[in-house]
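Just the one chain here, the form predicted on its own, laid out as structure tokens.
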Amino acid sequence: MNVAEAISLIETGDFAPVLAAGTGPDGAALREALAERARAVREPIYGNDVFVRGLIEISSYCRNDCRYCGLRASNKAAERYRLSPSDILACADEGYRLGFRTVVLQGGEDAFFTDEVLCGIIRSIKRAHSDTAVTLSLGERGRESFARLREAGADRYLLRHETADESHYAMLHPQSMSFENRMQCLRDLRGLGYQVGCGFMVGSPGQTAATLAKDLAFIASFRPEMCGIGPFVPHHATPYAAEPAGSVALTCLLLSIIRIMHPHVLLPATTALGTLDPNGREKGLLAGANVVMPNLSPVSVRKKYAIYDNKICTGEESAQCRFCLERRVESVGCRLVVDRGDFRG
């Protein structure tokens, strides 16, 4: 398959043949051609700018028992922690000093973080740094809760759909969680005016070419402002401990496909890519990504937010190593910018 044929199929929503060709014996040439096309599509919208998000992992407590996640409630060996509101504000202040104009509050579904607590944190960040965007990635909540957080000043919400196939969703999650509720949350967020992010793991247990094609079709129809995809990385204390990790090459192919079909989307080069490949995030940027998310969490807790094994948590992925990050980004012809990095649609 040549690149023109592949792009035509992507534009018509026929993803399965492109996935098959891109992962086949001769797939490397097609992946590179699609990556080149993805960069060309990105350039008139975002140029070579890479937006940085300061990630604050606020809690490793979680009420859910997702079968792939090291923070699952039944993992009694997990090291639990919870940042205080003052801890979170100190991290946000540090990010602002480093030039970051988006902070991402990420955590498990922790009952401590009620609407009242979160609204207070959001308002405090906005009072201190009015030109900073606040992104939340705190799992499923009710529509009224999402509305209160939005009113308090939250700008964006990341909620990975994980899979657009209902039976696959049931395989990955406990019975207490439902595919329909996850999709309803995404619809509620969109209706409330958030910039919305969805996404999925690449190579998760039970994933097939057909489920991946459904994921791409969902993204094409939902048109999220952000889309976070990264390779599945197993955790030793989950039912999927012995499953193989996802593919960096397939993840990059999917990044290119998503960029081509949805040119304006904000695409992170994820930590999971960097965990499986020392140059994984650079490869993600070359495939069409334009966001990086270095860690602003206190160093003392970074290893405790162990959603998968061997997660990189000190060194060049650290927000404090701004020069290291800039050097990595510049090595692939991009530049790190001081900008909120809003969706340009």
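All values reported here derive from a predicted model rather than from experimental measurement. Note that residue numbering follows the sequence shown and begins at 1.
What follows is about the form predicted in complex with S-adenosylmethionine, which we do not show.
- For the candidate spot formed by 223, 262 and 286, no residue has a non-hydrogen atom within 4.5 angstroms of S-adenosylmethionine in the predicted bound form.
- In the predicted bound form, S-adenosylmethionine sits beyond 4.5 Å of every heavy atom of residue 215.
- Contact check for residue 38: no non-hydrogen atom falls within 4.5 Å of S-adenosylmethionine in the predicted bound form.
- Among heavy atoms of residue 106, some come within 4.5 Å of S-adenosylmethionine in the predicted bound form.
- Residue contact with S-adenosylmethionine in the predicted bound form: residue 52 places no heavy atom within 4.5 Å of it.
- Residues placing heavy atoms within 4.5 Å of S-adenosylmethionine in the predicted bound form fall in a single listed stretch, namely 134 to 142, out of 134 to 142, 186 to 194, 206 to 214, 96 to 104.
- A single residue from the set 30, 291, 296, 69 has any heavy atom within 4.5 angstroms of S-adenosylmethionine in the predicted bound form; that residue is 69.
- Only one of 201, 258, 266, 122 comes within 4.5 Å of S-adenosylmethionine in the predicted bound form through a heavy atom, and that residue is 201.
- Applying a 4.5 Å heavy atom cutoff to S-adenosylmethionine in the predicted bound form picks out 305, 307, 308 from 288 to 308, in order along the sequence.
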